[in-house]
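Take a look at the structure tokens below, where one protein chain is shown in two forms, each on its own, as structure 1 and structure 2.
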Structure 1
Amino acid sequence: MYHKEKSIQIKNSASALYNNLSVLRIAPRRLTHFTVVHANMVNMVSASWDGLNYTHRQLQSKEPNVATSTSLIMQAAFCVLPSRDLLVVTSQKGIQMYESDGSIMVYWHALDTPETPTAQAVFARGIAAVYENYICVGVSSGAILVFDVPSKGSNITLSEVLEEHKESITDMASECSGSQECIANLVTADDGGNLCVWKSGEEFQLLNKIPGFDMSCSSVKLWKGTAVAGYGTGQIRLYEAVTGILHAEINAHARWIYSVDIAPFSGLLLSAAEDSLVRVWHMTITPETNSVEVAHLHNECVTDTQICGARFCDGDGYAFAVTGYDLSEIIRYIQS
């Protein structure tokens, strides 16, 4: 179903972080941007669709009053809002927001770090663009910061802090189907495997809490009202987001899942884990019976590689890309 395409070389290898790959497709310019985190750097590659041109850029983690910051970056993700695209980078010190090509930093938010070191690490992780003008970012305390983003300029403000999770945020996702009918449009996950389901607005409303099983939920997606969560057990669970009803549980991988992704137009689901496997599934939702079916379609084995990032490169799932710990390349697969 898929075959391997030419890999894209990156300047540094990928760190072993959850969801360590972000992809932004820019159709008018026939370009795709990729970002991969390495220690205190973000490797950014812009690849032309004809495969002839690659441009590289590296973004360093930043902090005020320090020339070069050594604070580790936890995640880099593209946030697509109706009026603009931003690249959001989270680290142990704060949150940086850039124009999507990485050229200009438009906003910096410092995390509250204790004066004396504590047992708990401080970092930000989990990034999602929600509705028309919000970007949400999780922090290690379990709080979720909601930023109000204007259609242009750098007048970004922290509009709300959501304090529902008690453990570090691992990932979050907004409704990706584009459907306005879905009540829930944000799902957030934490280190205890707990999911919170939200409706955005002037004030975000908590709609539901889905309890975890004391096993970290490392990656989460929201599609047509269904929350799709990948866990450290290697399992994927599909919940009806608003009610918390468990639709399906898949024993998808033998080891810790690092990334799940959804192609919203086709219902394809991608999962990748420490067991060197990337799997493609197909989800079918039947609204009349309120049921979700999942079928396994395809496997790729990236031999001897701890996979840490996997993303579809388009909304149909025609192609996907994979990163692995200590690999200095982005491996791409395309439908045959």
Structure 2
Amino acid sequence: MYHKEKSIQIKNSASALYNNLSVLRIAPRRLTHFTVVHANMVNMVSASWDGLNYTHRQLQSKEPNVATSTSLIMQAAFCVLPSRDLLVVTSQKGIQMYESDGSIMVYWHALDTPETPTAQAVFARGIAAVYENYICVGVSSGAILVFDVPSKGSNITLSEVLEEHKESITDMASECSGSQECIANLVTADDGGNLCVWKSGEEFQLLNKIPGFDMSCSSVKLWKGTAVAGYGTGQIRLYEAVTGILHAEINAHARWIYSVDIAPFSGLLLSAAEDSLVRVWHMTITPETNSVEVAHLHNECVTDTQICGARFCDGDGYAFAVTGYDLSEIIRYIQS
């Protein structure tokens, strides 16, 4: 179904972090940006579609105008909003937002770090762009910061802090089907596996809480009102977000899942874990009849590698890319 394509070499190896790959397709310029986190820096590579040009850039996590040591980065993700695209980088010290080509930093938000270190780690993790002009970022305390993003410029402001989760945020996702009819448009996940379902607005509204039974949810996506969550046990669960009804449960992987992704136009689902396997599934979701169907389509094994990032490169799922711990390349696969 898929075959391996030429890999893209990156300047350093990928770190063992959840969702450690972000992809932004820029059709008008016929190129795709990829970002991979290595310790305290983000490797960005822009690949032209004809496969001839690769431009590299490295971004470090640091406060603007301060010459202190950099901090470890937890995640980097592209945020696509109607008016603009931004690259958001979260670390132990704070949150940076760049123009999507990584050229200029437009915003910095410092996290509250205690004077003397506490046993509880401090960091930001979990990034999502939410309808219509919000970027949400999770924090290790469980709080979710909601930023209001103007259509251009750097006048980004912290609009709200959502305090519902009690454990560190792991990942979050906004509704990606493009449908405006969905009631819920954000799902957030934490270390205890709990999922919160929200409706965005001037004041975000909590629609539902789905308990986690103490098993960390490391990656989550929202499609056609269905939350698709990957867990540390290797399970994937599909919940109807607003009601919390469990529609499907897959014993998908033998180790901790690090990444799930959905191709919204085709309903393809991608899952990747520390067991060195990437799996492709197909979901059929009919919200009107409440029916869900999941079929397994394909496996790829990245030998001896604990995978830390996997993303579709386009909305149909024609191609996907994978990163692994200690690996200095982005492996790509395309449909045969």
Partner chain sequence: MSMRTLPLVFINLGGEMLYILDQRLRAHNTSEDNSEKGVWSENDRKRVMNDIVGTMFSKAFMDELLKPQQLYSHRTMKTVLTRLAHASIMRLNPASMDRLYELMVMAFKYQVFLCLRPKDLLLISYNHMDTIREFVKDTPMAVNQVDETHRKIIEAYSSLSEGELQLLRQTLLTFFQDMHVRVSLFLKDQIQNPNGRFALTTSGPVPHGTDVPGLIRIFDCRGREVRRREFLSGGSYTSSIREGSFELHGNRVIRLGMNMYTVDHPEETHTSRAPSVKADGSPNPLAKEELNLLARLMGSMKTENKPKDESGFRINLFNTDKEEAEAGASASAEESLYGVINIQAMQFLVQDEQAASELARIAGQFEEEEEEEKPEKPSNNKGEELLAMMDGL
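Bear in mind the structure is a predicted one, so any value in this text is a computation, not a measurement. Under this definition, the rigid core comprises the largest set of C-alpha atoms superposing within 1.5 Å between the forms. Quick note, the numbers are simply positions in structure 1, starting from 1.
Participant: I want to make sure I have the labels right. Is the form predicted in complex with the partner chain structure 1, or is it structure 2?
Facilitator: Pick structure 2; the other is not the form predicted in complex with the partner chain.
Participant: My question is whether Thr303 is one of the residues whose C-alpha shifts by 2 Å or more between the two structures, given a fit on the rigid core.
Facilitator: Where the cores coincide, Thr303 shows only a C-alpha shift between the two structures that is less than 2 Å.
Participant: Does the C-alpha of Pro287 move 2 Å or more between the two structures once the rigid core is lined up?
Facilitator: Result for Pro287: yes, a 2 Å-plus shift.
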